[in-house]
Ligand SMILES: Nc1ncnc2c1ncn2[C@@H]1O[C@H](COP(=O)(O)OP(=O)(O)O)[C@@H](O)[C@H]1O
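First, one chain by itself in structure tokens, the form predicted alone.
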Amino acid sequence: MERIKTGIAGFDELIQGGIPEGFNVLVAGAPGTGKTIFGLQYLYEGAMEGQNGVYVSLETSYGAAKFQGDQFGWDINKLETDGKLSVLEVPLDKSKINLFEMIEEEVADIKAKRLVFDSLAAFAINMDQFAIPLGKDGDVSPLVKKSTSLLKDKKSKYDVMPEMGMDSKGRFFYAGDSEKRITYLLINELAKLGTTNLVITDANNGDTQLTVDGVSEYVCDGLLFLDILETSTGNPRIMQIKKMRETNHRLDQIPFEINSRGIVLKPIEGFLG
């Protein structure tokens, strides 16, 4: 199996050398735990190894991403100029944005191998702004085709399924309002890009589900959980690899720090938290 090295110090050796190629890996955590830095570092390290990347931003502006990169010596401007990195700022002031067409074009333009989606939480809040594709004629399920025939037949006495629409180019789009279903469709669309993806989201404060949407932790191939512990000796940052399919990995809480190089994992033997 081909594995994609993240380049993050101390991390790849915990997952048999890297993330399996083509995987969607969820990076979940509370604000301030280092999720966006993890994503930017993944893209930067990839660019240094000849693997171009796309950063899809629904939360962090280009200026903020550049500022974060500058703190660690990652020249986002130069990477963009050299065609090694593309920062896609998604406009949330427009309606029915074909987000996946935008992402596909960015991936194709720079022949990207890596992608970071930041974030699922922002996507869910603004989900009524997006058009979620289901496929094209000949590439969809019989149920969708049957519903589409009703859509075309204006004389039909039956109503078209309310969760589906079709545009003038014969593309089908999900038109429902189920946050969980939209999240499921989003992650599956990202998996079709041929890139190895980090999908960032917020952790849930409750005990019944890990993330705010409650479905992404099951759909994604991998799950990294970032947190800040409260201990008598300080507040260490920790990372837990809760899931990585087809990979033998540890389940411990791994301490890490954010220094001038970015995220660096510490030897677990020295952790007393």
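In this text the structure is predicted, and so the values were computed from the model without any measurement. For every residue, the number given is its place in the sequence shown, counted from 1.
Here the subject shifts to the form predicted in complex with the named molecule, a form of this protein not shown in this document.
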Any idea which of 42-50, 215-223, 239-247, 63-71 reaches within 4.5 Å of the named molecule in the predicted bound form, heavy atoms considered? 63-71
I'd like to know whether Ile258 contacts the named molecule in the predicted bound form, with contact meaning heavy atoms within 4.5 angstroms. yes
Going by a heavy atom distance of 4.5 Å, is Pro31 a contact of the named molecule in the predicted bound form? yes
I'd like to know whether Asn204 contacts the named molecule in the predicted bound form, with contact meaning heavy atoms within 4.5 angstroms. no
Can you tell me whether Leu210 touches the named molecule? I mean in the predicted bound form, with a 4.5 angstroms heavy atom cut-off. no
